[in-house]
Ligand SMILES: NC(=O)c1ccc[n+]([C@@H]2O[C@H](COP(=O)([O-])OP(=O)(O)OC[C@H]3O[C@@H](n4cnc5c(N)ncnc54)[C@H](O)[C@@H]3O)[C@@H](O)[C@H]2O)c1
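Below you will find one chain, with nothing else, as structure tokens; this is the form predicted alone, and questions on how it binds or moves follow later.
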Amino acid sequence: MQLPPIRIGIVGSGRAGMIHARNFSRLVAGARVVAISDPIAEARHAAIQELGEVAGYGEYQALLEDRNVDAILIAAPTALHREIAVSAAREGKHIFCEKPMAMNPEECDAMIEATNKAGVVLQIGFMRRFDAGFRAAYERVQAGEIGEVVLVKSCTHGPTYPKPWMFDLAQSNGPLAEVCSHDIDTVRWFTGSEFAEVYAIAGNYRTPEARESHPDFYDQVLLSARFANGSQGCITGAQGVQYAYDSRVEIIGTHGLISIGGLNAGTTFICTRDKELRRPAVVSWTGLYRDAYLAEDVEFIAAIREGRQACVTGRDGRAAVAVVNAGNRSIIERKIVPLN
């Protein structure tokens, strides 16, 4: 007997929201997109036109009240995540929340409590855990191939300039949240431990239009960390670098090294008559992690079907948010900040 599809509502039709929407509507067995909400009419209508027969809402509250929706994908601004998730849980809807999970640990706690009380799935969008290269590296670490993990270095440098709404750290939590949430989760995942203390420095090097109105905004950040088990971490994040989408990880063990990622897009290169070698660079995260996004969407539907917890939980999302807050505090206070 074939089960009816899990009916998905998409909250937010930006790049991330539409990646998930396309997956759920075309590629994930047992799922169907039935509704989408976005306050921007042009974006909402474009999404409806692409997805086909889906209900469209200007406000997410109306989508949450739609009885045809079983689960939602939250790809709205971070400051709205707690409110949307708690309301969705009260309506009995399963929740896939894109990173960052929320603005602070207290908001994360409210989301976790609400979903636990309602008995619904809460999954956080750390798609790198589903990437084939990251999975292979994790399995080799777990197998002890490089000994005990000593240091994990992770970088995300994006070519896109920050959007004006990101300038206000009270609304965005800055690049540590918008750019480095994945790096924070990656380092925590590979060390197998919790952050014990962080020290971060940052600056605005590429965004002069923000300097006067938002002097605390930064487009480049470096965060170093010590973990509860003694491991070390190093994270760098940047916006507007222009050269490529740069996502790389190094895991250094007591007797080995594992490296993930690079700047090259594929294996093709060109040798020209002026004796230059040229290779295409990775342009965007949307292509680099396409399969990982699909895999995490498949996991979300599986967790709902099987009545179990998702493999990336609210606890994982909360841990990253706590580091973001501690890192931003370290930048301002210019000191090491401990985490509980």
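Position 1 is the first residue in the sequence shown; the rest follow in order. Treat the numbers as computed from the prediction; the structure is a model and nothing was measured.
Below, we refer to the form predicted in complex with this ligand, which is not included among the displayed structures.
#### Entry: Non-hydrogen atom within 4.5 angstroms of this ligand in the predicted complex for each of Phe24, Ile72 and Asp297
No, none of Phe24, Ile72 and Asp297 comes within 4.5 Å of this ligand in the predicted complex.
### Task
Scan Lys93, His182, Arg188, Arg82 and let me know which has any heavy atom within 4.5 Å of this ligand in the predicted complex.
After the contact test, the surviving option is His182.
### Task
Note which of Leu288, Ala302, Ala43, Ala281 lies within 4.5 Å of this ligand in the predicted complex, where distance is taken over heavy atoms; exactly one does.
It is Ala43 that has a heavy atom within 4.5 Å of the partner.
### Query
Picking from 269-277, 303-311, 45-53, 30-38, which part of the chain touches this ligand in the predicted complex when contact means heavy atoms within 4.5 Å?
After filtering at 4.5 Å, what remains is 30-38.
### Message
Just checking whether Lys99 would be counted as a contact of this ligand in the predicted complex - the rule being heavy atoms within 4.5 angstroms.
### Response
Judged by the heavy-atom cut-off of 4.5 Å, Lys99 is in contact with this ligand in the predicted complex.
### Message
Taking any heavy atom pair closer than or equal to 4.5 Å as contact, tell me whether Ala88 reaches this ligand in the predicted complex.
### Response
No.
### Query
Can Val11 be called a contact residue for this ligand in the predicted complex at 4.5 Å between heavy atoms?
Within the cut-off, so yes.
### Task
Find out whether any non-hydrogen atom of Ala202 is located within 4.5 angstroms of this ligand in the predicted complex, and reply yes or no.
No, Ala202 is distant from the partner.
### Task
Taking this ligand as it sits in the predicted complex, which residues of 287-313 have a non-hydrogen atom within 4.5 Å of it? Please list them.
Heavy-atom contacts within 4.5 Å come from Tyr293 alone.
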